[in-house]
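In the form predicted alone, a lone chain appears below as structure tokens.
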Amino acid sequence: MKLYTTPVSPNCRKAEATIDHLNLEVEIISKGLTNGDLETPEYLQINPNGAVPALEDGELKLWESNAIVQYLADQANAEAFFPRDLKKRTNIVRWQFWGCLHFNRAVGTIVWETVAKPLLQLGAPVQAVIDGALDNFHRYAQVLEQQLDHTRFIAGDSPTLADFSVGDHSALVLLEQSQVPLHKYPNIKSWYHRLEAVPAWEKTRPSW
């Protein structure tokens, strides 16, 4: 298997951490975001969206990070990480969809404006965009904060794909300049730090 990835990307970190967490043998191929790597005809045959991550396993060309990590977990028969039990699995998938559609969209917009744009020299943060994303963040952070009243990780007392998926922006969120108001959500803040202490997650932390 081959994983096409790029540094700093939360979605790529999710996939790389899953590979490390499950001790899978996957060739990691780094691509540039701004040098045309993702626009070549060869790469577009792998991911027609021109984005990362993408996974190649023989004739299978798989894109979308949540689909990739589910596939990897099933390849490893990772029962604790992505259970076969229908109710447990569906709960994890529910949180993956929720993260993608709601929580991570808000968080991603905030950290894009406050961290990624300055880092990539793509212009100054737009405060109106940040403020709009903060409204959505507060709406959905309450849901996660309440869930973490009862568990150390999202779906129980050990990390699962739910945590790797919902928490994929952790390295950016925990930077002081991110403007994500974690002080209002102590459970989420503690959970982010617990996630950062998971060996596979710690190993894939971006170096700034």
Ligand SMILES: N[C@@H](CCC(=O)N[C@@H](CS)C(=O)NCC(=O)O)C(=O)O
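This structure is a prediction, so every number in the text was calculated from the model and none was measured. One rule holds for the numbers: they count along the sequence shown, beginning at 1.
Same protein, other form: the form predicted in complex with this ligand, not shown, and the subject of what follows.
*Asks:* Can Pro53 be called a contact residue for this ligand in the predicted complex at 4.5 Å between heavy atoms?
*Replies:* Heavy-atom contact with this ligand at 4.5 Å: present for Pro53.
*Asks:* Report whether the minimum heavy atom distance between Glu64 and this ligand in the predicted complex is within 4.5 Å.
*Replies:* Taking the distances in the predicted complex, the answer for Glu64 is yes, it comes within 4.5 Å of this ligand.
*Asks:* Applying a 4.5 Å heavy atom distance criterion, does Leu175 contact this ligand in the predicted complex?
*Replies:* No, no contact at 4.5 Å.
*Asks:* Is there a heavy atom of Leu33 no more than 4.5 Å from a heavy atom of this ligand in the predicted complex?
*Replies:* Taking the distances in the predicted complex, the answer for Leu33 is yes, it comes within 4.5 Å of this ligand.
*Asks:* Out of the stretches listed (179 to 187, 33 to 41, 158 to 166, 143 to 151), which one is close to this ligand in the predicted complex, meaning heavy atoms within 4.5 Å?
*Replies:* This holds for exactly one stretch, 33 to 41.
*Asks:* At a 4.5 angstroms cut-off on non-hydrogen atoms, which residues of 1 to 17 are near this ligand in the predicted complex? List them in order.
*Replies:* Heavy-atom contacts to this ligand in the predicted complex: Ser9, Pro10, Asn11.
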